[in-house]
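Next up: just one chain, as structure tokens, the form predicted alone.
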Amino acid sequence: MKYRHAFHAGNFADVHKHVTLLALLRALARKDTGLLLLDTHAGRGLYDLADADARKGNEAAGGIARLEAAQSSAAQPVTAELTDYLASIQQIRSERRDRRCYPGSPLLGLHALRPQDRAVFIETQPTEHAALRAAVGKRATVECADGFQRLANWLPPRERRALVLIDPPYEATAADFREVERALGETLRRLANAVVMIWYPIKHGRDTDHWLERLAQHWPKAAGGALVPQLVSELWVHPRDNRAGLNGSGLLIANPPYLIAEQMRIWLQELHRTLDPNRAGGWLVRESLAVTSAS
């Protein structure tokens, strides 16, 4: 059975990923020049949280629903990034006239783009691709293809600026991690200043740490020989060494915009406090060798 994100829409990992995506796009918009948003594994773009698939695991209850509940209480989010994320969702729901929908990365990304920006969304599954095309309409280019293989077709873009989101399903876990490594290198070879945001699952902390260490040994270098700047952001709501399932959400970001890490240390701490009320997990922000974390 092919991966279907509808079972997990709006969970804690989605919240972590989507808050970060919007924060990156807002930071990149500080420059007037246009950019390309390229999503290699876009999914269907819009999810119904009242659908049977979403209700089966009820994962949104521990993600977007919990964050929205905190907003409506005395402990509402105060950081700009969380407020922006929630306001974006509400606006999309208002436009769709659907209070139970949850926008995926494509619709949230489009919400933040400006007239001078472009978006390309790639999805390999025909049924998900058809739903994505219907959700997006004519506001972006939508392809039914392997996102890893289509990177070369879209990079470098005419804008010479890009945010590339790489978020595979990790069904064939080892193969997907290898493809992610290859895609990162190819993206930066084609566009050295590209901001690359890679989502990865944290199912066992030791395995995740080994992968990051291996990747660091082959981390791309810029034209002058210096290492491309990197940022690691992790949020886990279960112990990282628990093999029961998805314990946490990780993001590896190449060429992070200015001040993103400093701002993330503020809003990620708040997000963890909201989504992990039992304090079973923790959070981490790491730039190169500098680490700030709580667990």
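Keep in mind that this is a model prediction, so the values were computed, not measured. So that there is no doubt, residue numbering starts at 1 and follows the sequence shown.
The following text describes the form predicted together with a small molecule, which does not appear among the structures shown.
Engineer: Could you tell me which one of 205, 156, 185, 169 places a heavy atom within 4.5 Å of the small molecule in the predicted bound form?
Structural biologist: For this set of options, the contacting one is 169.
Engineer: By the heavy atom within 4.5 Å rule, which residue out of 83, 173, 141, 125 makes contact with the small molecule in the predicted bound form?
Structural biologist: Among 83, 173, 141, 125, a heavy atom within 4.5 Å of the small molecule in the predicted bound form occurs only for 125.
Engineer: I'd like to check something about residue 248: if you look in the predicted bound form, is any of its heavy atoms closer than or equal to 4.5 Å to a heavy atom of the small molecule?
Structural biologist: Judged by the heavy-atom cut-off of 4.5 Å, residue 248 is well away from the small molecule in the predicted bound form.
Engineer: So in the predicted bound form, does any heavy atom of residue 39 sit within 4.5 Å of the small molecule?
Structural biologist: Heavy-atom contact with the small molecule at 4.5 Å: present for residue 39.
Engineer: Quick one: is residue 181 in contact with the small molecule in the predicted bound form, heavy atoms, 4.5 Å cut-off?
Structural biologist: Residue 181: no, not in contact with the small molecule in the predicted bound form.
Engineer: Indicate whether the small molecule has at least one heavy atom within 4.5 Å of a heavy atom of residue 148 in the predicted bound form.
Structural biologist: It does: once the small molecule is placed as it appears in the predicted bound form, residue 148 has a heavy atom within 4.5 Å of it.
Engineer: Given that the partner is absent here, state which listed stretch (60 to 68, 260 to 268, 231 to 239, 39 to 47) has heavy atoms within 4.5 Å of the small molecule in the predicted bound form.
Structural biologist: Of the options, only 39 to 47 has residues within 4.5 Å of the partner.
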